[in-house]
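Single chain ahead, written as structure tokens, the form predicted alone.
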Amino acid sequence: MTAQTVQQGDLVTVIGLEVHVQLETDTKIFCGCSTEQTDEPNENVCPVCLGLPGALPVLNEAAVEAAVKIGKAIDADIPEETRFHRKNYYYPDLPKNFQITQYDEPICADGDLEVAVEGDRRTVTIERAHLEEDPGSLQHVGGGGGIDSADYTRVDYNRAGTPLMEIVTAPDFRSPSEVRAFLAELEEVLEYLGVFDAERDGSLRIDANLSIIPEAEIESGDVTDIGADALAAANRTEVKNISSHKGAEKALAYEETRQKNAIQRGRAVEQETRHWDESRGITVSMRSKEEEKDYRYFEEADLPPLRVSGWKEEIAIPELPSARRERFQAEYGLNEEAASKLTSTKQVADFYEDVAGEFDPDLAATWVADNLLGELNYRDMDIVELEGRLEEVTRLVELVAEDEITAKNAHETVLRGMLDDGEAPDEIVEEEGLGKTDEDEVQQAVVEAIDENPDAVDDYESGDDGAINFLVGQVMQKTGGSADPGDVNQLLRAELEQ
């Protein structure tokens, strides 16, 4: 990451992430139970995901394929052979009392992901990414509803065994805002790969390790090169139960402030695991921080080594968001902001390219990035909700491109009507009488506006150029908003200068 020099007396924040991504597969990682979310607790379960004696796991091929795609996307090393291990610990949502995961032979290692942070491109090191099974979920009921205040807790094992990819970064982050930017970029990549559903509840969960290190302990004076000794000497907290980009930024900002305040007051920072209570906006202590030895890893005897040699080469990945952004800027002449909006999801990027293939790329960018996405965001909608209707949006762009309606009416009346009432663009144009007024009618309206507003004419002729805007408004009113404001402005000036 880019070098940053610290000032005397600074306390440096150091953050590393463990990002748990639920992979989009039809069945669980070691059994045939459905991964479909259901309101009925403990419905999609079997002896394997309940950890009953004698039940044997069988690895899901689709989960392995998704893991290989992620490895290729983060430019990681994918070994020819990898293994599964048992991670032993007791928790109510883990019925076997161990989790099948990967330990020292992960399916992906030594990767990286480039991220834009406040206009600066930075590369985050991804130390490893490994496959494992998700535990069940806990529902805290009564009392304050939190992990430390509920009257009792229910356990739902529907989630147990859902395939997870745990992505572990190096401690490369120096602020909560950097973490949020990384998570947004990572989610875009996962969505492009088709291995992840952001709308699925609990599909992205983050554990963050945060330490505060006094600048005096950084020998290099560079916050991006802290050194192993300083990192090892610092107590760190692990913050769990983070489930969104915004939540990560808020949780880590709180924890950063909590630790800095403790240090400045001469208090020790405990090495512990803390729970992010989103409703209260605070972290609360859960337990002392476990060390690797506490989990007593050993090989999973019921699963043979996983070999992907000869198969991983056949697994292809699509053009990723960063490459597509660069291509959009080069091929369509878009600026960085527009290219970022238009590649925010694969569906948006695909639709833009469809529209830009038929009409002017700048016009297509305005309509997709600004008008369409703006209206969808206002309604808390996503472009996937317009599946089957995107041809109607293309037709609306065509009406504007062919100069059949004004851009203002197309956006404010037609597009909004399409989204709110489900009508087709041509229907709205006909019902509202939005077809453009012919030139003779516009010219007649110009003449009438000049004749009926002598004061505005005098102001314009006296040098008040703003008076023309009033006259434009009068013409637009006479034409029912169907004239083009730019054309009206030109016609008025021509008429007034005769």
Partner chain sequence: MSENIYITEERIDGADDGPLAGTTVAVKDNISTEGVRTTCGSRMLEEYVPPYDATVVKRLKDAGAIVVGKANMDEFGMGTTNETSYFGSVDNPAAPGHVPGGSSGGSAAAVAAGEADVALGTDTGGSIRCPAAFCGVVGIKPTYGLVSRYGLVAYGNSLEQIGPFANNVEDAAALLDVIAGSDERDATTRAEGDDATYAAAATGDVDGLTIGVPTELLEGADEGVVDTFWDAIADLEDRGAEYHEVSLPSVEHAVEAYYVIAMSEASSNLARFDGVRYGHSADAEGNWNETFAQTRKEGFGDEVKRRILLGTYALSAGYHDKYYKKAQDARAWVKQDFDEALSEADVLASPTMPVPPFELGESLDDPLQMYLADANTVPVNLADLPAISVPAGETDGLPVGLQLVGPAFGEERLIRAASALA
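Take the two forms, superpose them, and find the largest set of C-alpha atoms that agree within 1.5 Å; that set is the rigid core. Residue numbers count along the first chain shown, from 1. Since this is a predicted model, take the numbers as computed values, not measurements.
What follows is about the form predicted together with the partner chain, which we do not show.
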item: Selected contact from Pro454, Pro47, Gly433, Gly463, since only one has a non-hydrogen atom within 4.5 angstroms of the partner chain in the predicted bound form; value: Pro47
item: Heavy atom within 4.5 Å of the partner chain in the predicted bound form - the one residue of Arg121, Arg265, Arg296, Arg280 that qualifies; value: Arg296
item: Touches the partner chain in the predicted bound form: Glu375 (any heavy atom, 4.5 Å); value: no
item: The partner chain contact at Lys96 in the predicted bound form, heavy atom, 4.5 Å; value: yes
item: Contact label in the predicted bound form: Tyr157 to the partner chain, heavy atom within 4.5 Å; value: yes
item: Pro92: touches the partner chain in the predicted bound form, heavy atom cutoff 4.5 angstroms; value: yes
item: Candidate stretches 244-252, 422-430, 84-92, 357-365 - the one whose heavy atoms come within 4.5 Å of the partner chain in the predicted bound form; value: 84-92
item: Sequence-ordered residues of 46-76 touching the partner chain in the predicted bound form, heavy atom within 4.5 Å; value: Pro47, Val48, Leu50, Gly51, Leu52, Pro53, Gly54, Ala55, Leu56, Pro57, Val58
item: Cα displacement of Thr273 between this form and the one not shown reaching 2 Å, rigid core superposed; value: no
item: Is_shifted Ser175 between this form and the one not shown (CA, 2 Å cut-off, rigid core); value: no
item: C-alpha of Thr153 off by 2 Å or more between this form and the one not shown on rigid core; value: yes
